[in-house]
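The chain below stands alone and is given in structure tokens; this is the form predicted alone.
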């Protein structure tokens, strides 16, 4: 007989554990089914370990440039084994903390793959064949890396992002296929640590979805640091010989490297969920169809995170989980506005943005006014030696010529992933540059560049 719960969550990544924690905080009895470790891809094979290695690259860059500050230091050498051990220490600390939190919240965890059947019964593929019945069910099984025909990952010469995070030594050269957020992060990290990197992207520009001015800064930085960037190229296949891989391009050219990293996005992991026995609908790409309250076509069954066709970001999974639980509770809620979610990309230089790009705003019919300010005029940026980048704010242009609500905030440069909060809030509160221009930004800080950018939109900028 199935054990009864108010909520059964299938999948323990950000969307899943957020749903479990939020529901338990509302007094619901919760069961969570996870086949691996609570925390999912983000904690164990994605966001957290990747950002650790990007921080390793940042430390390496800092030591390499120490002489510029009068600090005499030899050229650094990388011990990837130590960095990898530190990565695992960080991951384990966060994982144990999450496990402890789940236990304190009295969330019952079951290890195994959950399969949804009729009447909200989830069967776990453990030895006991455990059955769980929930008044509500949340599907949050996440995603896995996509692959390319002819580039099947082998963990040695053809790698996915999962493999890169477990490397014992870095290759001397690598081709990264895919110039999106993950591809640019890995290309940046590998290059900074001494790998000869070629970045290949099929689309006309890197970082699809980013503002063109931001992308220009990233590309110039990558090239200045010795990276080869090829856009508008597609791969046709590969051959391996003498320990190297030759990647054939559709234009007839080729690239020979030690290792290939395939970074062409992630696909939803909905295989084996048993959805064929329910009313839950799955589209042709494998995504579960939901409404703006995260409800599937099966009454009482919700889906959140990477299994739905929304931005594959951990914080979006968190937000969707909250929406789903509030709907179960019959509470008032605001659906996620996917056009205004914050995006952060941790390559060097960092990228952060929310809202419309300038081109998207114009394409949508907005009359816009735009302000851009470079970090090379920011005293704090010059002090830390990270003056590469800019802040760009796009606002509606009113009939009287004044700037109306902010439509988009786009940043590239030092620690912009930590600076986006103010821009994201201004966008979501539909603030105008006049609203934001009254705020005081401490001096000297990197945040002054955002302040100056919005102040200029009022027509009375101080420094530009």
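Residue numbers count along the first chain shown, from 1. Being a predicted model, the structure only gives us computed values, none of them experimental.
Here the subject shifts to the form predicted together with a small molecule, a form of this protein not shown in this document.
A.B. asks: Just checking whether residue 203 would be counted as a contact of the small molecule in the predicted complex - the rule being heavy atoms within 4.5 angstroms.
C.D. replies: Flag for residue 203 set to yes.
A.B. asks: Give a yes or no for residue 130: in the predicted complex, does one of its heavy atoms lie within 4.5 Å of a heavy atom belonging to the small molecule?
C.D. replies: Answer no; every heavy atom of residue 130 is more than 4.5 Å from the small molecule in the predicted complex.
A.B. asks: Does any part of residue 52 reach within 4.5 Å of the small molecule in the predicted complex? Heavy atoms only, please.
C.D. replies: Heavy-atom contact with the small molecule at 4.5 Å: absent for residue 52.
A.B. asks: Would residue 182 count as touching the small molecule in the predicted complex under a 4.5 Å heavy atom rule?
C.D. replies: Yes, contact at 4.5 Å.
A.B. asks: From the list 175, 308, 390, 345, which entry has a heavy atom within 4.5 Å of the small molecule in the predicted complex?
C.D. replies: By the 4.5 Å heavy-atom cutoff, the listed residue in contact is 345.
A.B. asks: Quick one: from 208, 339, 272, 76, grab the residue that has a heavy atom within 4.5 Å of the small molecule in the predicted complex.
C.D. replies: None of the others qualify; the residue that does is 208.
A.B. asks: Would the small molecule in the predicted complex be within 4.5 angstroms of a non-hydrogen atom of every residue among 361, 420 and 447?
C.D. replies: Negative, none of the three is within 4.5 Å.
A.B. asks: Taking 4.5 angstroms as the heavy atom distance cut-off, pick the stretch from 295-303, 119-127, 327-335, 144-152 that is near the small molecule in the predicted complex.
C.D. replies: That would be 144-152.
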